[in-house]
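Let's start with one chain on its own, the form predicted alone, as structure tokens.
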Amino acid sequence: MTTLAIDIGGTKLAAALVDGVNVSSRRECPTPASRTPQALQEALDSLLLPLKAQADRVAVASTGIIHRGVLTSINPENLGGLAAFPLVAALTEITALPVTAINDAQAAAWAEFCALPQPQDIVFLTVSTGVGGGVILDGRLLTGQGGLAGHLGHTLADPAGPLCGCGRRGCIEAIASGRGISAQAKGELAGLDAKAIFAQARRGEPQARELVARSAQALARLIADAKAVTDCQTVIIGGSVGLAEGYLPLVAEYLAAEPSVYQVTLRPAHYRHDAGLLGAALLAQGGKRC
């Protein structure tokens, strides 16, 4: 069966056809900045139009909490202010196909788990517009009764830190994410996005280097916390910030300063930016390792 896989992120929407682990006919468009559910539905309708006739089912991975088919953004800023959206109902209307939905980082965690040579207990962390996570223990993806499991970006990094869009102060996401890095920039860097700040850091600009380092240090502390909570064997890092040049070695450097009991194997995401698409499709296919 061919799955129409969709990935809804804070910056872009992506869709592709998935057969097994083969991803084809990938399409992307920007996530609408409008606060209206109508804007998101219209963007999805346009994105999926050339693909839906070739698919047997739909599997969607989205930022935010997915519960009973409804998307609720824990940090509404990451979806242009969209607080809630009837995701499964909207996609059923657009495609006339059966639809399954899951959080994007949970989906990506499953794809990365399937890519490992042997089953392991893992934590997947995506560092992108926001910071998300997925946890797999004893071969089971943890989603939680209300879909909140794995939202590790909303654990605390600094009680005196910046206010996070979720309403807490000093979340990992507010410091380590692309949006968080950009929001903390001052002076000549003010208004630049994370990609531009990373480019400045590679040129040696002091503030840019400090912002990137602060992000990496916050993530390393989160990894140590995740090890303490789950006793995972491996932590896998994805996302546009997580996979940026030089970022993972910097995270590893900060993690190495933690006590030995918190050390864990770090890996970059095998499926890189397709992990969410592929994981959603694999879970829709029955959630078995490839």
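Position 1 is the first residue in the sequence shown; the rest follow in order. On a predicted model such as this, the values are computed, not experimentally measured, just so you know.
Omitted from view is the form predicted together with a small molecule, to which the following refers.
Taking the partner from elsewhere, residue 65 is found to have a heavy atom lying within 4.5 Å of the small molecule in the predicted bound form. Taking the partner from elsewhere, residue 99 is found to have every heavy atom lying beyond 4.5 Å of the small molecule in the predicted bound form.
At a distance threshold of 4.5 angstroms between non-hydrogen atoms, residue 200 is out of contact with the small molecule in the predicted bound form.
In the predicted bound form, residue 131 approaches the small molecule with a heavy atom inside 4.5 Å.
Screening 220, 208, 74, 122 for any heavy atom within 4.5 Å of the small molecule in the predicted bound form leaves a single hit, 74. Residues placing heavy atoms within 4.5 Å of the small molecule in the predicted bound form fall in a single listed stretch, namely 101-109, out of 101-109, 135-143, 155-163, 114-122.
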